[in-house]
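Shown below, as structure tokens, is a lone chain in the form predicted alone; questions about how it binds or moves come after it.
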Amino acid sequence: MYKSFLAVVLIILSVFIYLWQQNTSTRFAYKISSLRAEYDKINSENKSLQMKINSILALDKMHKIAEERNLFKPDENSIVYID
């Protein structure tokens, strides 16, 4: 009687441990998926901001080079459009 009771308790404990492990695994998978989505969003935003920074710096650099070479923006009367 004692051995059969011990076997039943052991089986129930094993099932409980298995279910706990599956539950924990599912929660971790969900958390990883959520964090990966957040990482992708932040990474995309970072790339976008880096492109904005680069474009601003490129314009500043171009303006500085134009000033160093005494280049200027032409007035509208001196622009010729070719069709």
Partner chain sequence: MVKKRSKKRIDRKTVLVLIILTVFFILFAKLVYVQIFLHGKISRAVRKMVNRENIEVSRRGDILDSKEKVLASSVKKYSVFLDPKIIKDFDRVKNVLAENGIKIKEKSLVELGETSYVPVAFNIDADVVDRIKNEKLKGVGFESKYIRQYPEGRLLAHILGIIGYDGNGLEGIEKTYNESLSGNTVMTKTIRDGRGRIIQSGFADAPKICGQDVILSIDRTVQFIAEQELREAFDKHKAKKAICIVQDPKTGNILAMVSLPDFDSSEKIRDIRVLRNSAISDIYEPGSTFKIVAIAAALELGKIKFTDSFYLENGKYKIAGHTIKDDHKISGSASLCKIMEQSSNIGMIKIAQKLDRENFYEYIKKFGFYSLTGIDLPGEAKGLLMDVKKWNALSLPTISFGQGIGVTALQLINAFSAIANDGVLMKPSLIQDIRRADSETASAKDAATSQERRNVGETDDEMTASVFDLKEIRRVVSVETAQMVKKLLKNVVDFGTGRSAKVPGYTTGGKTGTAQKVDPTIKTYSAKYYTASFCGMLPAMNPKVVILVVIDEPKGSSYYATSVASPVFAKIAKRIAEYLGIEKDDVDKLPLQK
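These figures come from a predicted structure and were not determined experimentally. The term rigid core refers to the most C-alpha atoms you can superpose between the two forms while keeping them within 1.5 Å. Numbering follows the first chain given and starts at 1.
Omitted here: the form predicted in complex with its partner chain. The next part is about that form.
- A residue is said to contact a partner when one of its heavy atoms sits within 4.5 Å of a partner heavy atom; residue 69 fails this definition for its partner chain in the predicted complex, lying far away.
- Taking the partner from the other structure, its partner chain in the predicted complex has no heavy atom within 4.5 Å of any heavy atom of residue 5.
- Taking non-hydrogen atoms only, residue 59 approaches its partner chain to within 4.5 angstroms in the predicted complex.
- Residue 51 belongs to the set of residues with a heavy atom inside 4.5 Å of its partner chain in the predicted complex.
- In the predicted complex, 26, 29, 30, 33, 36, 41, 44, 45, 47, 48, 51, 52, 54 are the residues of 17 to 54 with at least one heavy atom within 4.5 Å of its partner chain, listed from first to last.
- If you fit the rigid core between this form and the one not shown, you'll see the Cα of residue 64 move by 2 angstroms or more.
- Relative to the displayed conformation, the Cα-Cα distance from residue 76 to residue 56 grows by 3 Å or more in the predicted complex.
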